[in-house]
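For reference, the chain that follows is the form predicted alone, supplied as structure tokens.
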């Protein structure tokens, strides 16, 4: 499958609700759905209506809003859960059951034969009730399950002709990219069905595993905004976009990348979080250049030290000047922005002055500007000019 053909299943309103500080109101969910719709995600997954009366009301409210994205809900492999979910009018059901020895023993107590019988019964019943609904079957804790057990279950479900999509889930974040690629490729080859990947980030491999799944032929990837979810969360929307963008911008051209910063800020506000300084795309340091050798090259051609173009995400780069690592090319650029004509010798002397002062404490941009005006024999303006390519306020 071409990488440009994948779909995002945005699960902030399902997996994300399992994050430690996430409690979304109905109004917040509706607003988030509207913004995700504007971003362009293909599917939005919501908490099962069986979870609580409020969850049921929220699913119905989102369906009634009629977003372009298809609305899914995630349910246990039970007829009762399926009946309640179908009644909400969602466009798709994501059915799941655990297949690892740990979950078979401590979650539902069923063996593989019983899992297969239950899955075929529930999936067949759903298809009989709603012939046109999108139906996915996923094993939970796929990568701690025995491969022989997984293939028995997946092949039985595929042969039943009831589902549109199979799902593999790295529920505890234990998988490696090679393991993910191996499992996805097998399912694609053996069943011919669409394959979805859901990956947790407990060991820091969620993005790498999601990309490995796509390379192996997966058609759908689960994400959440800022990667929130149970424990350390899952594949972050921004991180997946960044990974694909660096390979070929066409892979993510269908999404409005300028909305990533807004979406990250929205969830950070809802959950009482601070966006990490090194967050993919939207972190405060994502497009800040400091070292002299970096600054010189970036001022000449940003692609020298930027694989992501900030302007494609509605953001701007910043070249810091008032520190001990600064270079005279960055100082010259600032002088040009200020309209000051200084020869190279003078600029090098100013640079050394900045470095010397910054050994004690970094200089603000206003202090750098004042120094440049001083050596140019001109009064400083009443207010500092904005730094060229300064970062936008978000």
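Numbering follows the first chain given and starts at 1. Computed from a predicted model, the values in this text were never measured in an experiment.
The same protein has a further form, the form predicted together with a small molecule, not shown here; the description that follows concerns it.
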Just one of 149, 140, 318, 194 has a heavy atom within 4.5 Å of the small molecule in the predicted bound form. Which one?
-> 140
The small molecule contact at residue 169 in the predicted bound form, heavy atom, 4.5 Å | yes
Residue 96: heavy atom within 4.5 Å of the small molecule in the predicted bound form?
-> yes
Find out whether any non-hydrogen atom of residue 18 is located within 4.5 angstroms of the small molecule in the predicted bound form, and reply yes or no.
-> yes
Where does the small molecule sit in the predicted bound form: which of 295 to 303, 270 to 278, 157 to 165, 132 to 140, heavy atoms within 4.5 Å?
-> 132 to 140
